[in-house]
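Okay, here we've got a single chain as structure tokens, the form predicted on its own, with questions on binding and movement later.
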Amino acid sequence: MSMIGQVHVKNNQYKIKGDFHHFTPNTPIRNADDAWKLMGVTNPRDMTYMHSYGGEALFFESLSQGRLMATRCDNPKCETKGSIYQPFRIHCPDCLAKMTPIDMTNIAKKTAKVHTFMVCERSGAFNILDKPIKFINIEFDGVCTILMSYLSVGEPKMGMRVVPIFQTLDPTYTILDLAWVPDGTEADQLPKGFSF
């Protein structure tokens, strides 16, 4: 049995090990209403993709550790110096200077509230969130942007105070390691693997 593809970086180069493409034999598609006449074939393929986070790796690593990172422009020549951005950005959208990462976990815990929301009853392929998905746009005091995420417990309401929860038990190192719950939610109500 072959090993599923894995990647690490050494000397600033990707080192690839294992199989990244797995072929499964085609199977016929037959018409049960017409003497099992051949109509086509399935063509299953399994691929492993490599996604590079670059400068955003700190954001995803921090989620796995229960921290929400943002960025701030500290360029003294920038018109918007001191602006905090969430989601995480590498460069200031106004002056293009490299941004300073900051830990905004406490800001989120104290000031996050639902700006708008949308409840999605159906989703696209490969979705792993339970439906209905309660997408929320979250605003924070002192942050000039709004973050889109999802509410994992309760029903969303405009202006509702929410707090972040983090998938630290078995992190995926994706945005799905971050979710939100209404302020006042008890730890025993959190989804498996999540903590405050």
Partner chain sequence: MITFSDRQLSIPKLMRPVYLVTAGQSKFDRAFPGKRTEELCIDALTQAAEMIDMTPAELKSYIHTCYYGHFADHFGDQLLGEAVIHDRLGLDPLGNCGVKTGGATGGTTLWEGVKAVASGYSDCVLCMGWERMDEVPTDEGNFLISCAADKDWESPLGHIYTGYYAVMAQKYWKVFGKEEDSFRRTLAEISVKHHGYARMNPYAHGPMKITVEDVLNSPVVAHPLRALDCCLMSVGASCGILCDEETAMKLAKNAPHKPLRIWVTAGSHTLRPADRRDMEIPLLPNETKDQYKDLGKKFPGGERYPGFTGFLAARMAAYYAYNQVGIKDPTEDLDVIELHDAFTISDVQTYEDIGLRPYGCGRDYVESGDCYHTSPKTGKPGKLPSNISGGLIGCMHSVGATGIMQVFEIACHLWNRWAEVHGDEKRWKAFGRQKPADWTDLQVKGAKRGLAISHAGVGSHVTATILMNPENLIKKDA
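Positions refer to the first chain, counted from 1. If you superpose the two forms and keep the largest set of C-alpha atoms that fall within 1.5 Å, you have the rigid core. Note that the coordinates shown come from a computational prediction; the quantities given were computed from them, not determined experimentally.
The protein also exists as the form predicted together with the partner chain; that form is not presented, and the subsequent description refers to it.
With the partner omitted from this view, the residue of 27, 137, 65, 48 that lies near the partner chain in the predicted bound form is 137 [heavy atom within 4.5 Å]. This chain appears without its partner; in the predicted bound form, the one residue of 163, 153, 160, 133 with a heavy atom within 4.5 Å of the partner chain is 133. Although the partner chain is omitted here, in the predicted bound form none of 6, 108 and 190 has a heavy atom within 4.5 Å of it. In the predicted bound form, the partner chain sits within 4.5 Å of a heavy atom of residue 149. By the criterion of a heavy atom within 4.5 Å, residue 101 is excluded from the residues contacting the partner chain in the predicted bound form. Heavy atoms of residue 16 never reach within 4.5 Å of the partner chain in the predicted bound form, leaving it off the interface. The partner chain is not shown here, but in the predicted bound form it comes within 4.5 Å of a heavy atom of residue 120. Contact residues in stretch 160-182 (any heavy atom within 4.5 Å of the partner chain, taken in the predicted bound form) are 175, 176. Once the cores line up, the CA of residue 65 ends up less than 2 angstroms apart between the shown form and the other one. After superposition on the rigid core, the Cα of residue 158 moves by less than 2 Å between the shown form and the other one.
Core-superposed comparison between the shown form and the other one: CA of residue 169 displaced by less than 2 Å.
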